[in-house]
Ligand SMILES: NC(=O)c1ccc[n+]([C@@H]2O[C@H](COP(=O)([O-])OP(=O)(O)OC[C@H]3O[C@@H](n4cnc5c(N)ncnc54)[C@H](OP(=O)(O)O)[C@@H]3O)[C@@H](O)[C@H]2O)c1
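We begin with a single chain expressed as structure tokens, specifically the form predicted on its own.
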């Protein structure tokens, strides 16, 4: 349960290695969050992060094995986390793969696996989280979507389509939780400078994990349904999504 001043007291990260999610967690811990659970495919690699968060003031930092590509395990793992920690204020759904469109074109099976991680895994995990938030009567599921899903480009359409599906699912899930005390906040970053995008040409309005994390924290305080990072992208895509397809093809090639 949030404290008397509205500060988040507990956070679960699904995709515990995400740079955006970990930057957000650091900011939450700096604002009195004391319980952190990092669920990741290789939790043993997070020992340094655990020590850092404890040094920053978190009193209960736990790691759990979690694989986005094993949806059959998601309900049991997430139920177990809620049972072990009693109450979770915020869940960051932050796992996913970017991939390379040319590699997907050459290997359709890898494209399907990316969709399974980015969208399929998010559906099973998201529903399990929503069940627990609904049961406890409060809490926010923060879903890291992307502007790539707002208007899918040909140079990353597998990734973009997975984010389009994720964004639609998250919005519908949020609508289904109205009146329960629980809610969903969708986050739509643009190009973010992370290890995942290292070596890629930056898109206009590119940003950093720190900027996205600030937007997430502000969105949590203001109980927003959708967060854009940077905020200007809201207006950019309100125009881009309505461009005729021949024009969009030319614009997105730049």
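It should be emphasised that the depicted structure is a prediction, and the values quoted were computed from it without experimental measurement. Residue numbers count along the first chain shown, from 1.
Just so you know, the form predicted in complex with the ligand exists too; it's not on screen, but the next bit is about it.
Looking at 143 to 151, 99 to 107, 173 to 181, 129 to 137, which stretch has residues with any non-hydrogen atom within 4.5 Å of the ligand in the predicted bound form?
Result of the contact check: 143 to 151.
Counting only non-hydrogen atoms and a 4.5 angstroms cut-off, does residue 38 reach the ligand in the predicted bound form?
No, no contact at 4.5 Å.
Quick check on residue 192: any heavy atom within 4.5 Å of the ligand in the predicted bound form?
Within the cut-off, so yes.
Would residue 228 show up as a contact with the ligand in the predicted bound form if we use heavy atoms at 4.5 Å?
Output for residue 228 is no: heavy atoms all beyond 4.5 Å of the ligand.
Looking in the predicted bound form, any heavy atom of residue 69 within 4.5 Å of the ligand?
Yes - in the predicted bound form, heavy atoms of residue 69 and the ligand come within 4.5 Å of each other.
Within 4.5 Å of the ligand in the predicted bound form, heavy atoms considered, which of 221, 42, 32, 27?
Contact with the ligand in the predicted bound form is made by 42 alone.
Along 78 to 92, which positions have a non-hydrogen atom within 4.5 Å of the ligand in the predicted bound form?
Going through 78 to 92 in order - heavy atoms within 4.5 Å of the ligand in the predicted bound form - there are no hits.
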